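One chain follows as structure tokens, the form predicted on its own.
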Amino acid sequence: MLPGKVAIVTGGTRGIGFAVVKKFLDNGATVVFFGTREETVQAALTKLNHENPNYQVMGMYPDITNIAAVERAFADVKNRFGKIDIVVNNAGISSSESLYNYDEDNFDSIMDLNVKAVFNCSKVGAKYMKENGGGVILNTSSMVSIYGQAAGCGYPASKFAVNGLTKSLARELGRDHIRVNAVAPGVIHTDMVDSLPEEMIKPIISSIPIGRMGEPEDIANAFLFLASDMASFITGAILSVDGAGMC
């Protein structure tokens, strides 16, 4: 579904991001994924190359909260592969602290990675897409961007902001043939969820009408659809992928 496309995926070393990287590679794209540290990037590359040595994939670890670092990284991708067609802004961190105990530095960290980095990568990516006649920007939102959550207000606030960026950039960049959409996952079976005790997991699953947690591949499938030409008239959408867990 993505033959000949060049995609950048932030937060691509594990979980949803890694699933998106693999899904795009399996559908013909060249993928450059970003991680936070050299060792995690190399570990992900090793895993991908073991699965398929013919994957056209590269890993990098720029500070995406710094726009100068983003500009350098994107320029490197453009110079190596000739263009940038797709940017997936997936990197992010969450929080669960009560407002009464919320640390200002932690709040700033969430906003820097979950919002500012999305702005940085969208701004720089859009420039290359416009030069190339169009492209796709995709953002990872969350079900809490719609419903909020009972603690850790910085995380849902950041995802509300992601939704605002998504809708606003869709309106602004449409004239340049750049589509902008977001995927809002529900409860997804990741390493973080695996670390929770069973007594916490069972009530979560029982609250999902479809009867199971989502898998990273469920979210990757949504990203694949939105990145492809099958979604050529879809922009400004926040696609919930949550098994009706928050309907």
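Don't overthink the numbering: it's just position in the shown sequence, from 1. Quick caveat: nothing in here was measured; it's all calculated off a predicted structure.
Absent from the display: the form predicted together with a small molecule. The rest refers to it.
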**OP:** Let me know the one among Ala69, Val187, Leu48, Met58 whose heavy atoms come within 4.5 Å of the small molecule in the predicted bound form, would you?
**Re:** Val187
Original post:
Ok, Ala73, Ala91, Leu169, Met129: which has a heavy atom sitting within 4.5 Å of the small molecule in the predicted bound form?
Top reply: Ala91
Original post:
Even though the small molecule is not shown here, does Leu226 get within 4.5 Å of it in the predicted bound form, heavy atoms only?
Top reply: no
**OP:** Please check if Leu113 has a heavy atom lying within 4.5 Å of any heavy atom of the small molecule in the predicted bound form.
**Re:** yes
**OP:** Examine Thr36 and determine whether its closest non-hydrogen atom to the small molecule in the predicted bound form is within 4.5 angstroms.
**Re:** yes
**OP:** Evaluate Asn120 for contact with the small molecule in the predicted bound form, applying a 4.5 angstroms cut-off between non-hydrogen atoms, and reply yes or no.
**Re:** no
Original post:
Which one of these stretches, 76 to 84, 172 to 180, 91 to 99, 129 to 137, sits within 4.5 Å of the small molecule in the predicted bound form when only heavy atoms are counted?
Top reply: 91 to 99
